[in-house]
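We begin with a single chain expressed as structure tokens, specifically the form predicted on its own.
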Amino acid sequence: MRITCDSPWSAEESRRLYGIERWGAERFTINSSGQVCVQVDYDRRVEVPLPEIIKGIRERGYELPVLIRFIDLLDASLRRLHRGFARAIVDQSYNNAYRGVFPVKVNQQRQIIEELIRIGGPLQLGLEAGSKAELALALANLPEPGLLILNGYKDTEFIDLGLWATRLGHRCFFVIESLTELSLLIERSTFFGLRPLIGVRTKVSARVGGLWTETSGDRSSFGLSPQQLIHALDQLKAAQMLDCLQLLHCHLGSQIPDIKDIRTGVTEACRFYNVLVAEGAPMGNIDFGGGLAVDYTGGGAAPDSCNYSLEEYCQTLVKTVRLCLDPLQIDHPQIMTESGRAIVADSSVLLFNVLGTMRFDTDDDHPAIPQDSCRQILELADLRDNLEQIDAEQAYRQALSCRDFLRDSFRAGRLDLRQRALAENLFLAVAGKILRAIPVESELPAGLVGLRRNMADIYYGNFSVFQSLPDSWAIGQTFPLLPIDRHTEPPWREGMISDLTCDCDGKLDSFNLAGTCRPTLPLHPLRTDEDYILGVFLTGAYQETLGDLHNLFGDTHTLNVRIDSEGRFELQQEIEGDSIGDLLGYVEYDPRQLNEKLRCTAEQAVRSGRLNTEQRRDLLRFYRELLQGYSYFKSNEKR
């Protein structure tokens, strides 16, 4: 498919190009008018266009960028996970239940936790805490009696708070990460006069693929080695507390792309479980941690996709446990997973407007060529005019050679600026013709690698990669990204996305199109006096917590949206983004002191005649209002 400015185009072609029906199945689509829509299932499927939601947001006084949390999608993801395991338990004749556990670290935001606890109540959703702070928020929010899984290294305060949770009636499992904390747990539980529920975390040696492979295998940071597990058993027996050991915990890995790796890891974990039962521990629970992948690309392969469905994941876990335990006549344990990413990822969408573009093609494909031009300029002009008769890779190599020679000549003073500009124009004309002849979804041949990247426009987005999409910078995570409107027009420009920060890493230059990773994204040219808005999807896991204050860009506005059965939307919660004053406070500046320091500076300027008293007043008022304002770009357009 070759996309040009006059190509016939439809919403269906955009759905195929951006892959929205794969990574956004049953959650997002593009309607016949070319608008991206969120989908919610009631008795019928309801679609609400994102441009309508943005219009409503602006009418309520909010500027872009904004993070929208679709509460309905959060509810649907949690229920879908539990339905998947319920079906697998029936299909596999499994004689126990499934308990979902949400790991707080995936998204600690209060609105997320409160909503999950609300909808997870009938499903008996538990919470996993890996620190004292996470346990503190979990304990205050989880209704009694609830399920708590305590991971991470634990000091006395962490263990004591867990014991208080036990006394309150929660089923609180202390997952042992080291022999030192087991000794401390035995000591503190004796002091409290309690018999704690204990789990042991084992290292499964099977390694998984994907971006988080270091979280798996016997070199992973957490868990007991086989020798340490034996010591733990002996220690519990000596303390007459083996009956407290009722959980095996193992983390198979994060965002596991291959179902075979999951099956291998579950099989090895069950071998550990069998040994613990044979040693006399009552057990009864097995927690497989995270691992259920989110299909960020719809491509079906690592690292940002997966080759299995949610249903296949559930069936694999349940069936593998049954097959491992039945020959030994061991009772089926309750299965737990901590599938936080799969629960929250698809509920959040980052929306930002494009502020402008830098184009790397030429508006003049046929500039006048002076008769006295050097050989390399004439050669570029000939390539431009006769490109159809030359092999594309050969032509590109020849054009690069001429351009580089002419740049060297300019640096040496043998070429003037007008000749340099002409040479650059001719090179861009040649490269543009070559690129436009290649189907947009095709991989470039070896001799043209880098052509799309070198010719791509830069679209300047009103957001911060480091604040809103830190995983895209830190580990190369690819998130689905596309315009939210104009999908009945051909996206004939190729672009990369640059953010507002003064950092060359503040960019998005890895995109997935039809299952293929590309350095550029098909986009539309900007129109005068009309916003061009891009959406980044599936951002609900980790991004809010990991975001940092690079260039002091803070949290965006966050709006929790619920959609009713008639297709109407309601802003249930509105959380204003950080003000400039808030951000300065985070780095230990007091806005009141800053105002006072500027007042003194302005007063001195009045005394020296650089400002008059009216200008002083205007400056101080402007500065106060600035500190109270949004840190992101504000449009000058009056709405």
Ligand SMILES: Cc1ncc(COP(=O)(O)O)c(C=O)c1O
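Each residue number is its position in the shown sequence, starting from 1. Being a predicted model, the structure only gives us computed values, none of them experimental.
Heads up, the form predicted in complex with the ligand isn't pictured, but that's what we're talking about next.
Worksheet item: Within 4.5 Å of the ligand in the predicted complex, heavy atoms considered, which of Ser468, Ser189, Asn285, Ser254?
Response: Flagged contact: Ser254.
Worksheet item: Using a 4.5 Å cut on heavy atoms, which of Gly340, Gly146, Gly506, Gly199 is close to the ligand in the predicted complex?
Response: Contact with the ligand in the predicted complex is made by Gly340 alone.
Fill in: Partner contact for His249 in the predicted complex: the ligand, 4.5 angstroms, heavy atom
Output for His249 is yes: heavy atoms within 4.5 Å of the ligand.
Worksheet item: Lys105: heavy atom within 4.5 Å of the ligand in the predicted complex?
Response: Taking the distances in the predicted complex, the answer for Lys105 is yes, it comes within 4.5 Å of the ligand.
Discussion item. Please determine whether Gly126 contacts the ligand in the predicted complex, using a 4.5 Å cut-off between heavy atoms.
Written reply: Contact check for Gly126: no, nothing within 4.5 Å of the ligand in the predicted complex.
Discussion item. Whether Thr520 contacts the ligand in the predicted complex should be assessed with a 4.5 Å heavy atom distance threshold; does it?
Written reply: Although the ligand is absent here, Thr520 would stay clear of it in the predicted complex, with no heavy atoms inside 4.5 Å.
Worksheet item: Picking from 543-551, 510-518, 367-375, 97-105, which part of the chain touches the ligand in the predicted complex when contact means heavy atoms within 4.5 Å?
Response: Looking at the other structure, the answer is 97-105.
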